[in-house]
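The chain below stands alone and is given as structure tokens, in the form predicted alone.
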């Protein structure tokens, strides 16, 4: 994959390695592994309950999913990353899920998203990758706000988002009614945000590397 001028191909946190998803970097075996997880991984129905996509029905659907993520990156509208626990973590080197962000350059905002295989729930990985993306948004991309939307019924994710947004100085902005449509039905979400100023005043003490180079507090 050709290096992107704005988005790193690899992000390393204290416990995670995030690899950019792009068709240029994946072979047939990679796509089929992705399909196997997104179609029939244990608890995949529970994992996707509050996501915008359902379990995949065919490898072609998985390929189209990856192509969509690749197009966003090529157009500088966002990025998607596979998640791997680093050495020392239970399941080190195993595909643990996918995370990403969308960028609205006119509004100077980044919106975060993540899904994890159930075996990796409850480890704080969501907050760790959120800090990495916030650092990218504020230190590299010169954005002003990072947003996270959580479905009102998704209590587990709401608690996780509250923890890491509050730790970074932000919090809940309110309830957005009929904000998304799932299976033809409008749903409400809670919106959380962290501003550039809030993040700088509450920056977590963490180790980050973008494409092997130290960022944030390591500079």
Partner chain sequence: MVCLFPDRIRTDRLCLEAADLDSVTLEQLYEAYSGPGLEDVMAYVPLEPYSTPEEARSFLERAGSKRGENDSATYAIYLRDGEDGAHEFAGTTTLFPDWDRGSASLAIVLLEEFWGRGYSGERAAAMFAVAFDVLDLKVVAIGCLPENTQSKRAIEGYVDRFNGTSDGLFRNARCLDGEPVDLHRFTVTREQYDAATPTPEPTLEYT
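Nothing here was measured: the structure is a model prediction, and the numbers come from that model. Numbering follows the first chain given and starts at 1.
Same protein, other form: the form predicted in complex with its partner chain, not shown, and the subject of what follows.
Checked against its partner chain in the predicted complex, the residues 72, 123, 117, 108 give one hit for a heavy atom within 4.5 Å, which is 108.
A single residue from the set 40, 49, 178, 58 has any heavy atom within 4.5 angstroms of its partner chain in the predicted complex; that residue is 178. Residues with any non-hydrogen atom within 4.5 angstroms of its partner chain in the predicted complex fall in just one of 6 to 14, 194 to 202, 20 to 28, 207 to 215: 194 to 202. By the criterion of a heavy atom within 4.5 Å, residue 77 is excluded from the residues contacting its partner chain in the predicted complex. Contact annotation: residue 90 falls outside 4.5 Å of its partner chain in the predicted complex, judged by heavy atom distances. In the predicted complex, its partner chain sits beyond 4.5 Å of every heavy atom of residue 142. Though the partner is left out of this view, residue 36 does not reach within 4.5 Å of its partner chain in the predicted complex, counting heavy atoms only.
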